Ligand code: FRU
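Coming up is one lone chain in structure tokens, specifically the form predicted alone.
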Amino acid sequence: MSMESRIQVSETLKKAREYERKSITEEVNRQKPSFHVCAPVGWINDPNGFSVYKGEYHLFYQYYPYAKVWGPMHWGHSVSKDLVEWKDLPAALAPDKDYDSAGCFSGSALEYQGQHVLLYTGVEEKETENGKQIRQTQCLAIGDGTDYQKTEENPVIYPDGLPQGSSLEDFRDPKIWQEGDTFYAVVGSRSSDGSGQIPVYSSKDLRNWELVSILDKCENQYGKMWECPDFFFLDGKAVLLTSPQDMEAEGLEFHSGNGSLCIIGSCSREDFILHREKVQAIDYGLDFYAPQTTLTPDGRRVMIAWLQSWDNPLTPEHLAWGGMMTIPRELQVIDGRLYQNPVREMEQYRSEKVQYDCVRIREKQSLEGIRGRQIDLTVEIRGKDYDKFKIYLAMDKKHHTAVIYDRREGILTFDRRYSGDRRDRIHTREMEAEEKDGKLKLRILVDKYSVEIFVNDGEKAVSSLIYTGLEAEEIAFEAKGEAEISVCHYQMEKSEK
């Protein structure tokens, strides 16, 4: 018996669930990629509540079912047995309490005593004599994997006790975890200087929380508000992931706008103060924001993110949904740097292997059997007699998306200018890349509308959207000079379950 039969579901949530039942048709689902979490219908952004509950992976997300634009935030909900094929569940949360009447913003989840615990940001807006007042607090909901009851104690975390001058409005996106009998949460916050800070809170009972420390502070160095923090220990290092707003470009490492930031260092559990050793971008593509991680039952740290950009959104008119997530990625810290690769479960969906070794490339050419819009493609590029190498994806007579390696400059460029988009947006992104052991290795996952590139076995990742018509499925290679490539190509197919 589900909790929906034991709790009173609000009219706001009932309305969202009924809208889903009527609007999510077979035609809507046919439009979607096979291996990426998408909006069931309407709009999604940040991943929330990425967690394991009763042996299954659960992913929630910021969700507005009624239109393909941001609106009063609900929590959508999907579930998977293997992190690859996902099933939509009914919307989990709706803005239906005073403390979250303006939206159920981002948060996280864990399993505790057989129940699924959600910790999320409630947003309340009030009209005062001084104008609109916005307050953000952290709230608790507990459920059975389908239905969730907001607790009577809400809100459970207030910004009280933060350093003087900290924002009461920008206080959101809690990420919860448990160590022994203690729960911890990091929260995105804004300090008195107007830039981000990450407070750490602890609790013994999930209801009563106290401030432990300020884990790290931006001090106007990397953007302004730090959203969607995630903190964990991995391979002997402390790792903080966060998404700064209002970044300024810094070389090819950070681009302007809403970015992604990884800080690696050391941290004692005694004081929870992060001592920085490495600062890097998490992803170098056009569409990546708000990553969140979970720990798998076999001990892997896995990350998923919103595959979209706030400043540069792509939402085609012909689709009934807008927004998707990245492929989940296994994380490692290698030589002080964050590495990421697609979860190994993806390999179970490979078929029709086509392989070429030591092919010499000069003029633009295709290779038989190398094509498609649901593929797992690895290309290794070698040689000293070329200046640039270019891979054409999603190509027809009029369209293509290009991956370009400038060997002399050590720069990899993603270019979707000719992917068919009719708006004047940013369509190229550059990053530094260099050969390892005499080659550049690119693993490229394409799933209809997304391109995710993993460079040199996960040293860097580049995530971007393309909404080229699905009939454009040719692939070609081209070198300025002469390059030698090896290619391994798989079609990706859903199971027949």
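Residue numbers run from 1 along the displayed sequence. In this text, all values refer to a predicted model and were calculated from it rather than measured experimentally.
The form predicted in complex with beta-D-fructofuranose (FRU) exists for this protein as well; it is not shown, and the discussion that follows is about that form.
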Scan 116, 172, 416, 329 and let me know which has any heavy atom within 4.5 Å of beta-D-fructofuranose (FRU) in the predicted bound form. 172
Select from the listed residues 304, 73, 140, 176 the one whose heavy atoms reach within 4.5 Å of beta-D-fructofuranose (FRU) in the predicted bound form. 73
Since the partner isn't included here, can you check whether beta-D-fructofuranose (FRU) sits close to all of 46, 106 and 227 in the predicted bound form (heavy atom within 4.5 Å for each)? yes
Select, from the options 435 to 443, 62 to 70, 459 to 467, 23 to 31, the stretch whose residues sit within 4.5 angstroms of beta-D-fructofuranose (FRU) in the predicted bound form by heavy atom distance. 62 to 70
Residue 310: heavy atom within 4.5 Å of beta-D-fructofuranose (FRU) in the predicted bound form? yes
In the predicted bound form, does residue 289 have a heavy atom within 4.5 Å of beta-D-fructofuranose (FRU)? yes
